[in-house]
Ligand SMILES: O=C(O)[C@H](O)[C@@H](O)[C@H](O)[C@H](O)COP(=O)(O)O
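Here you get one chain, nothing else, as structure tokens; it is the form predicted alone.
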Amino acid sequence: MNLLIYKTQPELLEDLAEYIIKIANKAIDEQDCFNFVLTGGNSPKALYEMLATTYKDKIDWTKVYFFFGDERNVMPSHESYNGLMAKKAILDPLNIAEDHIFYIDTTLAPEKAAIEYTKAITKHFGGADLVFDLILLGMGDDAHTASLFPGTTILNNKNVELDSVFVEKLSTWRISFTAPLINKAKNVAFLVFGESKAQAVKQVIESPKKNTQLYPAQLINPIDGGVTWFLDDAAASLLDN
């Protein structure tokens, strides 16, 4: 695990952008494509906008395939749909081809959407292992990541797939990568801002005993890949080291 702490969000985002560029170019050099899993929510929006403007010439975007680690059970036109935020912030500005974007189809029932997305990524990888080059993740103040929420059924799913999950505290369904699918990635990066996340960060990173039902982000431990945490000072404020 690599732990990086920054005084300001702009510094963090610049470093994270450079980290993404390095991984992207290595993947493109080695396999002629970069399989990139985006995270939703508010935290990554500025990062996506930077990649689409300041850093747009640093990657051959025609070789990048975009995926989503989880999705809210809302229509694709809804403001809470993760795919819509990404579409506006990075995909449309970079003129990414539609066949390079793997949206989660929320016009389907959640269980069906998860099955169809698993089929789509399996087809994309041509029968090979579902190993993404980079998965971006956020984390909530309850230590959820993707849509792996505390106490939910998806935490017990051992399959390399997407799954649907009912999140009781939000009274809604989500569609999400399972932890085993995330853990096959070559690289995983957590992007976490703010004092409200500090307790969760401390528990996930420093707790001597794992309690993945309470702190689901503890499930993320790639088999053959690496994890890098990009934290601002506020999110890291309770860490001992």
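Note that residue numbering follows the sequence shown and begins at 1. Given the structure is predicted, the values throughout are model-derived calculations rather than measurements.
Form predicted together with this ligand: not shown, discussed below.
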Every residue in 39, 72 and 138 with a non-hydrogen atom within 4.5 Å of this ligand in the predicted bound form? yes
Using a 4.5 Å heavy atom cut-off, state whether residue 152 contacts this ligand in the predicted bound form. no
Taking heavy atoms only, is residue 43 within 4.5 angstroms of this ligand in the predicted bound form? yes
Contact with this ligand in the predicted bound form for residue 146, defined as at least one heavy atom pair within 4.5 Å: yes or no? yes
Contact stretch among 178-186, 211-219, 29-37, 64-72 - heavy atom within 4.5 Å of this ligand in the predicted bound form: 64-72
Any residue of 194-213 that, in the predicted bound form, places a heavy atom within 4.5 Å of this ligand: 197
